[in-house]
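Below sits a lone chain in structure tokens, taken as the form predicted on its own.
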């Protein structure tokens, strides 16, 4: 077929074919293999999946994973909203600097950022040294190798993912609505809560979903700051495959985490319009 005889439909498929092949080879096919291993190793059947109901360590790891992801999401939403609101109300000169500070962490490796928290929160870290130097504590506090340290570091890493959707949503909000409410006699808090905040819900919801889903599969930061004592499911999978060579259990947990993430997204879709939440910026 000569190029002149190509229809729009043919051009469309030719355009997306490379991306489609990449998705099939590097994403769909590995997932199919992971699913296959989960029901064939060490023996065919659903024996690995019965561990979800019988294995206490696996259940505990899932509970820790969802708890850390939920708390991280909550803190990121509160802090992200405050930062976004500050940027929204900053002067034009200050907006550029503040946005650059939000984007700066993306140019630094997550590994480096996590190690920096070890320097700060360790027994001989800057925080403990400062507290002991001021005479507030007699011995170093245990600020890492527990959920507290993991949460601090995860909130720091995930915060930009909350700020950007909320900030983009706020950018499209017309300030005249709040000014009209204030002109009609509403207090500053009433104008914010009843007029401004409802318009930011799409940004808040998209930020919550983005941070929560990313937190479910986070590995580096919990592994470093948790020190093996806060075993989130991604680290548990690594142990099963690399240390114990239990490929069946590791792939089963991977499939379960994937399904759980899909369930979270589907559950969110029942209450909010995800297309509107992610795409609407005004």
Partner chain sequence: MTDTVDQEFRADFVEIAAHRYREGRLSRRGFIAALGALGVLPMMGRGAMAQAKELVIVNWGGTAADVIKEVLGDTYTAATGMPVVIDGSGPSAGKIRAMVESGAVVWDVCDSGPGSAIILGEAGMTQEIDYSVVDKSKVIDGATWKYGVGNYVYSYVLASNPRMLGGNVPQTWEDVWNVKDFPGMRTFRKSVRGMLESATMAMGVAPENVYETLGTQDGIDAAVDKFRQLREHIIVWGSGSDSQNLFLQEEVSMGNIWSTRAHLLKDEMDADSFTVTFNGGVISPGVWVVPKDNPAGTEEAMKFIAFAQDPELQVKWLELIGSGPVNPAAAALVPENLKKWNPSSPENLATQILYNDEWYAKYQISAEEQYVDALIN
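The shown structure was predicted, so the numbers you read here are calculated from the model rather than taken from an experiment. Residue numbers count along the first chain shown, from 1.
One more form of this protein exists, namely the form predicted together with its partner chain; it is left out here, but the text below deals with it.
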Even though its partner chain is not shown here, does residue 144 get within 4.5 Å of it in the predicted complex, heavy atoms only? yes
How about residue 61: is it within 4.5 Å of its partner chain in the predicted complex, going by heavy atoms? yes
Can any non-hydrogen atom of residue 123 be found within 4.5 angstroms of its partner chain in the predicted complex? yes
Verify the contact flag for residue 240: yes if a non-hydrogen atom of it lies within 4.5 Å of a non-hydrogen atom of its partner chain in the predicted complex, no if not. yes
41, 118 and 231 all contacting its partner chain in the predicted complex, non-hydrogen atom within 4.5 Å: yes
Selected contact from 214, 37, 257, 220, since only one has a non-hydrogen atom within 4.5 angstroms of its partner chain in the predicted complex: 37
Pick from 81-89, 163-171, 144-152, 182-190: which stretch has a heavy atom within 4.5 Å of its partner chain in the predicted complex? 144-152
Within 246-260, the residues that have a heavy atom no more than 4.5 Å from its partner chain in the predicted complex: 246, 247
